[in-house]
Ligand SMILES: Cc1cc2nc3c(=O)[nH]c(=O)nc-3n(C[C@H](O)[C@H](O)[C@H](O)COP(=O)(O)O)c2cc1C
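Here's a solo chain for you in C-alpha cells, the form predicted alone.
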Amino acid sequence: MKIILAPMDGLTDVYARELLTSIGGYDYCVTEFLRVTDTLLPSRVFLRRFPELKSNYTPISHTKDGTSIFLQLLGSDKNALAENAAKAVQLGANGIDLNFGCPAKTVNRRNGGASLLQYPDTINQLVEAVRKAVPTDIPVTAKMRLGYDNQDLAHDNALAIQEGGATWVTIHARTKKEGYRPPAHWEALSPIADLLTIPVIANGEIWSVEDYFSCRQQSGCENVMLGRGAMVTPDLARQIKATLANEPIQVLKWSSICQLLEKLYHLMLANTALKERYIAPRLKVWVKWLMPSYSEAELLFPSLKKINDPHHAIQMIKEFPSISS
C-alpha cells in the first residue's frame, strides 16, 4: 500500500516535502508542476522548482528522510514535454508525472492541465512521447480528473494514459468543473480500476483515517494521494499506515506542531535566496490550514495574521500554550 504526497502549487514545495515526509507514512512525493511550453528549460529552472536535484541532497531526488520525489510537468507540446522530461532525468529525477488535472483557469486557458481531458488522443500522445524519451527504469505517471465538464471521457482518458505507457495513474475523483467542491466521487474510480491493468491511485477529500477506509471501500483503490488533508493533519499518512498495521496512533500534539513550524522557519531563514518578507506569510498560511485539526491554531491565527515580522511570528507560535496541557 502506497501513500503519495500530492503536488499542490504554492503549498507542497521543498519545505513542505521535507517536513511532511519527516513525520512518516509517505512513499513518494510529487513536486509542484513545472510548466513547459515549446522550449527546453534551463537547468536553473528545474532546480528552482525541484531543489532536491542539487548535489547537497544525498541521494538526489529524495527528501532528507529518503522519500523519493517525482517531477511533475504540465504542458501540451509533446516534443517539448519529452525533451524536458529527458533533461529532468539527466539531472537526477526519479520519475516524471504529467499533469492532466489542474483546474486553474490560467492553466486551462493555455491548453494545459484538466483542459486536456477533452482530448484522450492528445493525452495518449503526450504520455507516449514522454515514456519514449526517458529510460525504461524511470516511472512515468499521470494525474487526471474524472473529466472536464462531466465524466463521459473518464474511461477513455484513463485508457489513453495506460496505453501511452504510464506506470500508474492518479485520479482526483471530481471533474474540472466541480473544482474542489465536495463530494469526491470515489465510487467512480472502481470501474476504472477494474478496467486498467496499471495501479489507480485515489485522490480527493481524504481528510482522516476514516475517509481513507471509506475511499478504499468505494473506489477499490488501496493506494492514495493526500493533498489538502496533509496540510490540515500533517501526520495523516502516518496515522493511516499505523491503523493498517494495527499499531496505536500517536497523534501529533500542539507542541510537536510548533516544533514543525519552527523547523519551517529555520529552513526558510537558511535559504539566502529567499527574502525574509516571505517567511511570515508562509507560517501564517500553514497555521490557517491547521485550524480544522488544532483549536490552538484557530485561537492563534487572528493575532498571528497581523504579524509581518518572521521572528515575531515564530516567537508567537512557540509561546502559544497548548489547550490540552
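So that there is no doubt, residue numbering starts at 1 and follows the sequence shown. Keep in mind that this is a model prediction, so the values were computed, not measured.
Another form, the form predicted together with this ligand, is not on view; read the next lines as being about it.
4.5 Å heavy atom contact, L226 to this ligand in the predicted complex = Taking the distances in the predicted complex, the answer for L226 is yes, it comes within 4.5 Å of this ligand.
message = Would you classify D9 as touching this ligand in the predicted complex, given a 4.5 Å non-hydrogen atom cut-off?
response = The answer is yes: D9 has a heavy atom within 4.5 Å of this ligand.
In the predicted complex, E296 touching this ligand (heavy atom, 4.5 Å) = Because no heavy atom of E296 falls inside 4.5 Å of this ligand in the predicted complex, the answer is no.
message = Even though the partner isn't displayed, in the predicted complex is G204 close enough to this ligand, meaning a heavy atom within 4.5 Å?
response = So G204 counts as contacting this ligand.
message = Tell me which stretch of 172-180, 209-217, 114-122, 78-86 has a heavy atom within 4.5 angstroms of this ligand in the predicted complex.
response = Only one stretch qualifies here: 172-180.
query = Can you name the residues of 65-97 that have a non-hydrogen atom within 4.5 angstroms of this ligand in the predicted complex?
reply = Heavy-atom contacts within 4.5 Å come from Q72 alone.
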